[in-house]
Ligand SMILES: NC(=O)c1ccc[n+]([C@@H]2O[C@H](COP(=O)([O-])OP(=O)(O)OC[C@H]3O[C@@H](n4cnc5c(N)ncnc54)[C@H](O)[C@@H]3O)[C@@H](O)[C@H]2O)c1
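One chain follows as structure tokens, the form predicted alone.
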Amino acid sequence: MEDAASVHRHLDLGGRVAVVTGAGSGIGRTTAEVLAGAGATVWCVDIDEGRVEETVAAIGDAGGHALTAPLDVADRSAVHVLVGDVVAAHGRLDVLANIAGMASEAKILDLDEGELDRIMAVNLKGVLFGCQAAGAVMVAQGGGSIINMASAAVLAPSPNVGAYAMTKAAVWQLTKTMAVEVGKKGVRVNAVAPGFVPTNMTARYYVRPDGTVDEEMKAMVLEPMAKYAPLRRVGETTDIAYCVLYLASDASSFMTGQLLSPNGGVAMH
């Protein structure tokens, strides 16, 4: 019989070690907080050292365990060094949440090659490098969970975000292929495809150059987004972070190669 104790046990990450990229803000920060709240020791990765230190401090203040790991996920050697440091410190790596990403706006006909290379370096190569480094450790230890951040743009194409959507579609294909390759070693690889969530990345639509928020413009952006969704709201970072927790935990032990889509019903599959 399943009871409160068994439910808690399946979602408990006590004793496990997680790496979360993009942990300095937005979905990455909330995910780091949620995984730490579930008991994991979380290595918080972000290119912005100041922001990631704030995340680690907040987790510590809440009674969790976290460490700062400032680095650029597009730097393959740095990613491999980080994973080596994690294993050296704890003897294991149980969860990798590849959340670091960046946006880009341009019509396909106007897409600049330099801009495409820049976004691919972070959104695709950064995820690949993390999968390779963490995956090798997890295969050797006989288990682990990798969660890659895709996007609702994979399911519902939108204009002007072609480069971003292409990288996220590639992440989804990477996820499925890797899941097939490492599944027999007990390693699970899944993806999450969020709908619109107000974060630093999406706030470019309503944040002024001086960093202040244009509340009128924010309402103009968010209200149509909410009306378009069957649930009549935009997402929150917690909506996505708890999907990551599910995929990181034993509650999803029979899931691999899957795409969870917390998007308010904007795209259904």
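Note that residue numbering follows the sequence shown and begins at 1. The model shown is predicted, which means the values in this text are computed figures rather than measured ones.
Separately, the form predicted in complex with this ligand exists; it is not shown, and the next lines address it.
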With this ligand left out here, work out from 68-76, 82-90, 177-185, 135-143 which stretch has heavy atoms within 4.5 Å of it in the model of the complex.
68-76
If the cut-off is 4.5 angstroms on heavy atoms, which of these, I27, V244, A40, C44, is the one near this ligand in the model of the complex?
I27
Any non-hydrogen atom of A191 within 4.5 angstroms of this ligand in the model of the complex:
no
Is it the case that D48, even though its partner is missing from this view, gets within 4.5 Å of this ligand in the model of the complex, heavy atoms only?
yes
Any non-hydrogen atom of M201 within 4.5 angstroms of this ligand in the model of the complex
yes
Does this ligand come within 4.5 Å of any heavy atom of F129 in the model of the complex?
no
Do any residues of 162-201 have a non-hydrogen atom within 4.5 angstroms of this ligand in the model of the complex? If so, which ones, in sequence order?
Y164, K168, P194, G195, F196, V197, T199, N200, M201
